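Heads up, the chain below is alone and in the form predicted alone; it's given as structure tokens.
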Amino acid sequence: MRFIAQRVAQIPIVVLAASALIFVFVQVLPGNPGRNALGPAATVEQVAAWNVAHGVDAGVLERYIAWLAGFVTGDWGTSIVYATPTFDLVLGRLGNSMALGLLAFALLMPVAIGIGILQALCAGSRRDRASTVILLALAAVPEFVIGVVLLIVFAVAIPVFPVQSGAAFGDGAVPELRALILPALTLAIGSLAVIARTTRSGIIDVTRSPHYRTAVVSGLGAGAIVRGHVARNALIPTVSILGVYLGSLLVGSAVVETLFGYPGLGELLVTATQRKDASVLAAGVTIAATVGVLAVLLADVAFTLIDPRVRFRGQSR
């Protein structure tokens, strides 16, 4: 519990540091916020008045403190692109990205771990080498290429899924789920190789360890050996990787969401960057960083359940 409490206590510090960096980076983007909000037809006086009214002309530190106070209280400002409250806009898009990310994670985890286990069981064989080549080839292909291939095959040649995922929103649960399949598969395929290879390596390392050989020599059954000596130790590096990937999947992929026209957080941040929508950029990236940190915390909790050494190490400090 102390280990988890330490991790939880670190989250506000990490998010605060990340928000400060993000806010500074947003401020150095080229362009005038007032001009972006009012358009090219606005006069210089109107642009200056808008900047004063929204506090844009103040110093960076003063603006950050004001923004942070608003962020904590739920006042995230108004998007200059969508003319809607940033709070509703960002959290709505985050919900879409999390739905897509959870589906991708549900597809990815069992397949990747299953492939890793099968590879470890036949390590060194032709089947192992062939699957390694295929996985590495998939890892080398960019996400947008995988997405384009899936679109050509399953949306154009065999039209079982829609080309634009966003067009299915509001048509009901089944059409919306069908619209999620191709972008979720694209995300899952892009992460498949790393998790499968990590699982394979973890199992091979455990089966070559002295405590595994001792368990075999002592006459334990195969099931007891797998449950007590292989699964837990072999999954420790895999859980670490899964925590990182879960965080990245939940906050969306700018490439995949843009390619499939999916209204997620990644697509929103691309538009906000292009139009210098400062309130959306600052809030969206801070929320994405928070979700990423929480995903890592979830992996840490899994660590304490899988590996007793983590609990003992935390208690001894």
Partner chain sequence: MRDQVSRPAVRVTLAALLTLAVAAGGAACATSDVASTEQAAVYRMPITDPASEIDPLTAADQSAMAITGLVTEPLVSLTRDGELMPRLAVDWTASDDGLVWTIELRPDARFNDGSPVTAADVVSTFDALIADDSVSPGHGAFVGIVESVAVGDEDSVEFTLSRPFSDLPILFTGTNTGILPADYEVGSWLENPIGAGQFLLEDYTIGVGATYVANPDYWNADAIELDGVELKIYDDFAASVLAFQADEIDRIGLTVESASTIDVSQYETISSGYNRFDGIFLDVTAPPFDDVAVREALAWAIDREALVANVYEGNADVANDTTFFPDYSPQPSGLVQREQDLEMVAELLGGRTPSFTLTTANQLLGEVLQQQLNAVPGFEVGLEVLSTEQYFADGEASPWLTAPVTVTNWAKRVPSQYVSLVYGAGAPWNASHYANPALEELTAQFDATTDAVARQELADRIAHVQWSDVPVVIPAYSKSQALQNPRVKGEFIGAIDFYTGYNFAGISIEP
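Residue numbers count along the first chain shown, from 1. Owing to the predicted nature of the structure, the values given are computational and were not obtained by experimental measurement. Between two forms, the rigid core is the largest collection of C-alphas that superpose within 1.5 Å.
What comes next is about the form predicted together with its partner chain, which is not displayed.
Trainee: Check each of A140, V174, V72, V217 and return the one that places a heavy atom within 4.5 angstroms of its partner chain in the predicted complex.
Mentor: Contact residue from the list: V174.
Trainee: L68, V26, V47, A289: which sits within 4.5 Å of its partner chain in the predicted complex by any heavy atom?
Mentor: Selected option: V47.
Trainee: For the chain shown here without its partner, which stretch in 245-253, 261-269, 280-288, 55-63 has non-hydrogen atoms within 4.5 angstroms of its partner chain in the predicted complex?
Mentor: So the stretch in question is 261-269.
Trainee: Answer for F154 alone: is it within 4.5 Å of its partner chain in the predicted complex, judged on heavy atom distances?
Mentor: Yes, F154 is a contact residue.
Trainee: If you check in the predicted complex, is G77 within 4.5 Å of its partner chain, heavy atoms only?
Mentor: Flag for G77 set to no.
Trainee: Given that the partner is absent here, does T84 sit within 4.5 Å of its partner chain in the predicted complex, heavy atoms only?
Mentor: Because a heavy atom of T84 falls inside 4.5 Å of its partner chain in the predicted complex, the answer is yes.
Trainee: Though only this chain appears here, would I203 touch its partner chain in the predicted complex if you measure heavy atom gaps against 4.5 Å?
Mentor: Because no heavy atom of I203 falls inside 4.5 Å of its partner chain in the predicted complex, the answer is no.
Trainee: For the stretch 153-172, return the residues whose heavy atoms include at least one within 4.5 Å of its partner chain in the predicted complex, in the order they occur.
Mentor: If the 4.5 Å heavy-atom criterion is applied to its partner chain in the predicted complex, 153-172 yields V153, F154, A155, V156, I158, V160, F161, P162, V163, Q164, G166, A167, D171.
Trainee: Any chance the CA of H54 moves 2 angstroms or more between the shown form and the other one, core superposed?
Mentor: H54 C-alpha, core-superposed: shift of 2 Å or more.
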